[in-house]
Structures are given as structure tokens and as C-alpha cells.
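Below sits a lone chain in C-alpha cells, taken as the form predicted on its own.
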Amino acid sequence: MTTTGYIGRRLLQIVPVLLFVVTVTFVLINSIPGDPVRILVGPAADAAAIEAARAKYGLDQPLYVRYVRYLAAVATGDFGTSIHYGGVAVTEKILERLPVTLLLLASSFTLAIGSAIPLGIFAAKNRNNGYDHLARVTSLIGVSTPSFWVGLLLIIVFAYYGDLLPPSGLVMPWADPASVDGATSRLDVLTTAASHLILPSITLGTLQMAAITRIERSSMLEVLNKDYVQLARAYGVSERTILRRQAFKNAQLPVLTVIGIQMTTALGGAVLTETVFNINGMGNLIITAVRAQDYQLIMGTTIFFAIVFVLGVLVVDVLYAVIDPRISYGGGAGE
């Protein structure tokens, strides 16, 4: 099977997955107690106003009718309108908040990957000495520590006591200098954006860094014990050359799997991180939707997260063949 055929087949498999996600989420949301219309119109609204609001958002229809209508709308790319935001399209709210979360994810994974891979290689190269033990203990602490606790600790140390970094908010690097307090030039905006990104990036990237470090170390150790590596050593090839040419690339398949999974699941970590640092991204949008019982907004963000997850897994699978040409999509090893 060609790569194009494999991608096409996997894309078709996404449809039943999304249908399952939509169905389960729809049933669960409509099963929770509370009434989003009453939250919207307030406790002082009369019965006529409540019924008018129900009719406006289609909540006066039976559950099965709303479900079928919602499926038909989603099939055309329409995720409905938000009750909490006064009829604004859910897609518009997602596109408005998405760049903030993408910036946070990009910065946190740049930090995580940029530190985890060298740490994992260094720990594997110096197995069972002090450096290795330090890397292993640090990774264990990283994967065991809740991200929200890391964020609160960083705020206390570097914002409250140290007064070195801002404790909340996020400034986009492309923002207009006139809209940023104290900024008179593009350089001022970039400096402000970087200072706001440091603490949230460390908070979100700590878990990712720890998980990637552990896998990088174990994968490098496995490759370094292979026969072809031992043969290269016997021929007098330097350890640096072995690490760079023989070991590194062959050790990256498990690491790629972890990075791909961590990138998709990090969206869940972004919810906590954005809440702790009061960042108006996708995570904060989901929290707002749940608190307001905004059915359409909850559904839209859930479907978006599901799409990102399945596409992330697909990208990882395709990258396997790029890293290791022996992998084919025909059910057997490549020639």
C-alpha cells in the first residue's frame, strides 16, 4: 500500500471515531443537571423570555431531533453558535483562541524537546554514574508532579517573591505595539511576549520534557547495546561518531511516538496551564463553556480536540516511514 493510500484509509477511519465522540459527548452534556438558557437570561427573566431563548438556540426540540440536526450541521463544518457568547459562531471562537494555545504549545515543546533529547542521550552515554542518576531522578519528579502545582510554585517564586516575571496573561508576538502596555516598538512587544511565555512554557513543558527524557535514555541504551554498535566500537569508531551516525537516528522511533502522543494530550494540560496563568486560549474557552453549560461550545471544542488527537497519531505513523525506510504500509517490512 502506498503512503497516499494509507493516509486515505486512515482518514476514513477518523469518521466513526468522531461519530462516537460526538454521540457520547452529546448524551453526557444533555444528561447533566442545569439549564444553560436560565444561566443566559438570568433568574429575573419571565417564562416568555426563557421560551424565546430556548427556541432561538433550538433547545425546545426533542433530544433526538437536536442530535440529528447537530450531526447534519457538523457534516457541513457548522458547529453551531455559542449561548454564552450571545450567538457567536463556535468556529469563530475556536479560531480566535487557537493561536494563543498553539503559541503556548509550540514554546513548551521547543523547551521540552530541546532539553529532553540532549539529557536522554547524555544519561545513556554515562549510564549508572552521577549524571545518569540525576537525569533519572529529575525525570521521575517531572512525570510525578501535577502541572498546576508547578505553575503555582513558579508564580510564587518568580512572580510574587522574585518579581521577575509576570504571573498571568499572554502577549502575542505579532500584537500591535500600541495595544501592549509600555511597548513602543516591535522589539518591546517581542520582549514582553517572551517574558509572559516563560512560566507557562515551563509549567506545560515539564511533564513533556520528563517523559521524553526517559524514553530517549532507554531507547539510546537499547541501540547502544546492539551488535552493529559493538562492531563499530571494535573497529575503533569514536563514541561521538557512533552516537551521531549509528545510534541517534535508530533510537528515535519510540521517542517520536511519545512526542506525538504528548503533543496531542498536551492540549489537556493546556486547560490547567491557561487556568493557572489566566490565559485566554482554548483551555480557558473550555472551562468557560463548561461553567456556562454552553452545549454547542462544549461540543465544538471537544470535536476539535478529537480531530487534533487522531490527526496527531496519523502524522506520527506517517513519520515512521520517513525515519525508518524499512517500514512499509503493506503489512510487511520494506525491501
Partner chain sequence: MVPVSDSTAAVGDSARTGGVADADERSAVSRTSQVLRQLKRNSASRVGLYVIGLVTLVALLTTIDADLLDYQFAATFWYHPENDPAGSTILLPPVGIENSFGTGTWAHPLGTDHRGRDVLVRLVYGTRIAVQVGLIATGIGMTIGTLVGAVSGYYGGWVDDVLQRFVESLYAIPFLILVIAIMSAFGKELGIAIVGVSITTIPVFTRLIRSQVLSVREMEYVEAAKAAGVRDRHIIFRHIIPNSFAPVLVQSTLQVGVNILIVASLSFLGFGVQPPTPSWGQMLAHSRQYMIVNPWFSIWPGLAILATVIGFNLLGDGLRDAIDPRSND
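Just so we're clear, the structure is a prediction, and the values are computed from it rather than from any experiment. Positions refer to the first chain, counted from 1. Think of the rigid core as the biggest set of C-alphas that the two forms share within 1.5 Å after superposition.
One more form of this protein, predicted in complex with the partner chain, exists but is not displayed; see below.
- Stretch 142 to 150 is the answer when you ask which of 142 to 150, 184 to 192, 107 to 115, 94 to 102 has residues with heavy atoms within 4.5 Å of the partner chain in the model of the complex.
- Proximity to the partner chain in the model of the complex, defined as a heavy atom within 4.5 Å, holds among L63, A55, I32, A47 only for I32.
- Among heavy atoms of D227, some come within 4.5 Å of the partner chain in the model of the complex.
- In the model of the complex, the partner chain lies within 4.5 Å of some heavy atom of F305.
- Residue contact check for V318: none of its heavy atoms lie within 4.5 Å of the partner chain in the model of the complex.
- Residue contact with the partner chain in the model of the complex: D78 places no heavy atom within 4.5 Å of it.
- With contact defined as any non-hydrogen atom lying within 4.5 angstroms of the partner chain in the model of the complex, the contacting residues in 281 to 320 are I286, I287, V290, R291, Y295, I298, T302, F305, A306, F309, V310, given in sequence order.
- Taking 2 Å as the criterion, F26 counts as shifted between the shown form and the other one: its C-alpha moves by at least this amount when the rigid core is aligned.
- Relative to the superposed core, M263 shifts its CA atom by 2 Å or more between the shown form and the other one.
- After superposition on the rigid core, displacement of the C-alpha of Y295 between the shown form and the other one stays below 2 Å.
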